[in-house]
Structure formats: C-alpha cells, structure tokens
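Listed next as structure tokens is one chain, alone, in the form predicted on its own.
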C-alpha cells in the first residue's frame, strides 16, 4: 500500500496525513451511503419513496465529491476502498436486509446508525479544524442531520404499528450492523487493518488534529441512543444494547 504523499505546509506532516485519512474514511462512507440508497430502489414500490431514495443517493454522491475536491485542493491523496474490512461488512449487512425487502431495517442502518456517526463525527472534525476544511465538515454534518430527523418520523410510525415486532427488529439490526460500526470506531482494529487508511489506522493519529477516537465514538453512540429514544425504543434497552458493543 502506498504510504507517501505530498502534503501542504503550515501544519505538521503528521497533521496532514491524519487529515488525508479522515477524508478517505469520509469519502468511502459517503459512497457506501450512495450505494445503499441506490439499492433501496429495488425494494421500494411507492414512486415518491423511490424518487426520494434516488435524491438521497445523489446527496451522498455530492458529499463525496465535495470531500474529494477539498482534499485535492490541499494535494491530499484520498484512498477509496469500498471493499475495506469494515465498510464492506456494513454494506453487506445492508444488503442482507435489502435482500429480505425490509425497508425499515435498511432505513435503520443507513439513516439512524450510519447517519448518527456521520452527523456527530463530522461535527467534531469540523470544530477541530480551522478554515474551509472545518466549514465543509460542519456543512455536511448539518445536511446529514436532516436525513436523520426525517427517518425518525417514519420509524416512529413503524414502531406504533407493531411495538414488540419492531423493537425486536431494531435489536437484530443493531446486533448485525452496529457491531461492525462500533468496531470501526473502536480503540483497536478487531478485524485487522481497515483497508482505507494509508498507514496505521487514523484512530491512532487523531491527536495530531486535536481529536480522540474514544470521545468521537462516545458522542456518536450518544446521538444514536437519542435517535432510538425519539423513535420510541425504551432507553433501558438501548443503553443495554450499546453497552454490549465492542470497544
């Protein structure tokens, strides 16, 4: 794997290498989101919902393009790898539920789990970085937040229609996908190298940009739990689910 890349001045080389890895993870995640939304068109019957899924896919595409353009402006190499260990696992989890034509489960994965992490982490990255890079992450965090709020309303209705069955579904999807997402944001690489970062995992070099993976993961999981609470999942249950996730 290539480890050398040209980085701009003012900040340390270590700083810019960490920023490059952050962009790599962000772009890969956005493209996974784009692919997930595109896959929804195969299981949606309602025309308006299908159009909305395409619009969301286009939105994720736009975010990926925005991140790529900013990285190239600063001459940072972005490593895109949709087959990376963790992102591939997340995509496969989504496709398993899509294969069951379970729209609600797919929305849980893409709009609640992935977006909770994106909204929270992009916001913290944006606050940690100065200038236009920080502004871009903050802007995209706000856009992703609108997806999160929209999906909560839909999933609340699904819960009201079948409280016990839906609660069980959320638990099963949580075990299937959140386990992988939690490993991706864990302190160690439980499944080996992610296949996205150029050298060692970016989580070990986040201190160069004033960030910490434990804090990032904690805040993301907190937003995820708040999202489940807004849907109507009892807090004592979601807290227990989250506490059992790998760290």
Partner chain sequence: MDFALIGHQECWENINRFMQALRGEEAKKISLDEIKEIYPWIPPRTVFRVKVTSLYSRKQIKGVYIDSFIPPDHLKPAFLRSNLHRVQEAAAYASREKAKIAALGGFTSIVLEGNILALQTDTYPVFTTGNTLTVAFICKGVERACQYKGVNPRQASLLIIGSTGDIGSGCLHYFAKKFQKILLCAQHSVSLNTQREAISSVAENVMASTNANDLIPLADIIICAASVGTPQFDLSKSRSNVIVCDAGYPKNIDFSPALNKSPYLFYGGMGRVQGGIESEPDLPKAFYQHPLPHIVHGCLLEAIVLALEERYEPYSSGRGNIRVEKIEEIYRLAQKHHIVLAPFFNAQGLLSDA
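What you are looking at is a predicted structure, and each value in this text was computed from that prediction instead of being measured. Residue numbers count along the first chain shown, from 1.
Absent from the display: the form predicted together with its partner chain. The rest refers to it.
Just one listed stretch, out of 60-68, 26-34, 193-201, 211-219, contacts its partner chain in the predicted complex at the 4.5 Å heavy atom level, and that stretch is 211-219.
Every residue in the set 225, 229 and 239 has a non-hydrogen atom no more than 4.5 Å from its partner chain in the predicted complex. Using a 4.5 Å cutoff between non-hydrogen atoms, residue 19 does not count as a contact of its partner chain in the predicted complex.
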